[in-house]
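Next up: just one chain, as structure tokens, the form predicted on its own.
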Amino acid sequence: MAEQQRVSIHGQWSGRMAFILAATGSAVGLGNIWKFPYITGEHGGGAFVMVYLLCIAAIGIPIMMAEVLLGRRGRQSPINTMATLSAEEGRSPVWKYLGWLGVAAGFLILSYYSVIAGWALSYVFRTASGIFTGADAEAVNKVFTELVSDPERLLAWHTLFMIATMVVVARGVQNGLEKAVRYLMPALFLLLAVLMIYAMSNGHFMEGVEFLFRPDFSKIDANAILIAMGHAFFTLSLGMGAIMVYGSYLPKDTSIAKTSIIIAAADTLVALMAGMVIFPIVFAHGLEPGAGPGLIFKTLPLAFGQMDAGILVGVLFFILLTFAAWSSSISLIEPAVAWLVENRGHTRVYASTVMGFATWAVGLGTVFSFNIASDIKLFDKTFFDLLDYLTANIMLPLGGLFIALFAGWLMAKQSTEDELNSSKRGYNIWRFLVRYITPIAVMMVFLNVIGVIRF
């Protein structure tokens, strides 16, 4: 069959482990380090973890399998993959716009993600300088305020992070993406392990573990379930073209089901380990565990400034954050770069430079939305808030929904069976979930976040 002979012009991963590391790197990002531990503690601890794992099984893994399946069958950028597969399956060519939706989402997310990642990178050096040692809450807050209110400083860190991202992408699949994740992901797990050992030694480890894992079923309501469903979808980098293009580099004999389960498990493990690092530190210093995004740049630096070896622990933590952001960022821009190479015949270096510059330029809107353009608003949102809302609440859920619908309803059963190559029972479970359970769940999350339904 033609699809069995199709190969990606970009090359492919050297094996299953390379794909697992790359996809896990894409999935593990800034949200894993603060958001999952925070929402877990606030919504029932161990009870929420149980609900979340069910949502991962019913929503996250089926959509990930579908997205990898589409990528490997098409062996091209998401745009060209969807154009090829819709023609192959006798479907409307309009489905190519699902590819455009993913590529656009990844591009827009990276434009502001790079700015936030720049904060983490800058905090590596700020912490190393000892600026937080002995600082009170007002002094810590001042450091953050001075950073985001200085457009030139923000621009410098944004630029540096984008250059680091595009250098990796320009080197290609095996020499760039694969080599980067082979070092970044083990380093990330090693840093987490070192920080966790420290957390175990500070006397408040069990308090943090209890906050994360003690089951409180009284907090499990419809809202908690919706939050678990939403995070299960968002945490795996679904709907933004990254997993689809990574799937296009996957060898034919690699099991999509097994690798998807391993990636979901690794992503969840990182999030839980991050919680077991953060909350013992928070409780040891009498700080507020429900600080949300401010936990990273305001609450934790205060703790680092008060603890023994705080400079070392703080530097390791912000290096960890930077690595998590870096491994995600290379996957966000890869779909757009792959499309330029395929459709315009450009080299990887040229395509990476062009897309990197374009993303950097759009990122200026986010840089300025924290300072000189903070008063400029559309729909009562700054440029950054608008991009964040548009991508997270509209583009990604729609992308995930349409991926499930195309793979579950519009592709021939023979096509999906051939690509998944799993047991009959395993295939039937996936097909049932991706056709019925997953689309309904994603629609509920989508309608909830845009305010159409409320519980």
Ligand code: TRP
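In this text the structure is predicted, and so the values were computed from the model without any measurement. Quick note: we count residues from 1 along the sequence shown, nothing fancier. Between two forms, the rigid core is defined as the largest C-alpha subset superposing within 1.5 Å.
Missing here is the form predicted in complex with ligand TRP; even so, the following discussion is about that form.
In the model of the complex, at least one heavy atom of Gly31 sits within 4.5 Å of ligand TRP. Contact check for Met244: every heavy atom lies farther than 4.5 Å from ligand TRP in the model of the complex. Within 4.5 Å of some heavy atom of ligand TRP in the model of the complex lies at least one heavy atom of Leu396. Contact annotation: Ser328 falls within 4.5 Å of ligand TRP in the model of the complex, judged by heavy atom distances. Segments offered: 236-244, 211-219, 162-170, 137-145. Contacting ligand TRP in the model of the complex at heavy atom distances within 4.5 Å is 236-244. Proximity to ligand TRP in the model of the complex, defined as a heavy atom within 4.5 Å, holds among Leu85, Ile278, Leu332, Ala228 only for Leu332. A heavy atom within 4.5 Å of ligand TRP in the model of the complex is found for exactly one of Ile403, Ala27, Ile59, Val68: Ala27. If you take 108-125 and check each residue for a heavy atom within 4.5 Å of ligand TRP in the model of the complex, you get Ile109, Tyr113, in sequence order.
Here Ile39 counts as shifted, since its C-alpha moves by at least 2 Å between the shown form and the other one after the core is aligned.
The Cα position of Arg75 differs by less than 2 Å between the shown form and the other one after fitting on the rigid core. The Cα shift for Phe233 between the shown form and the other one, taken after rigid core superposition, is 2 angstroms or larger.
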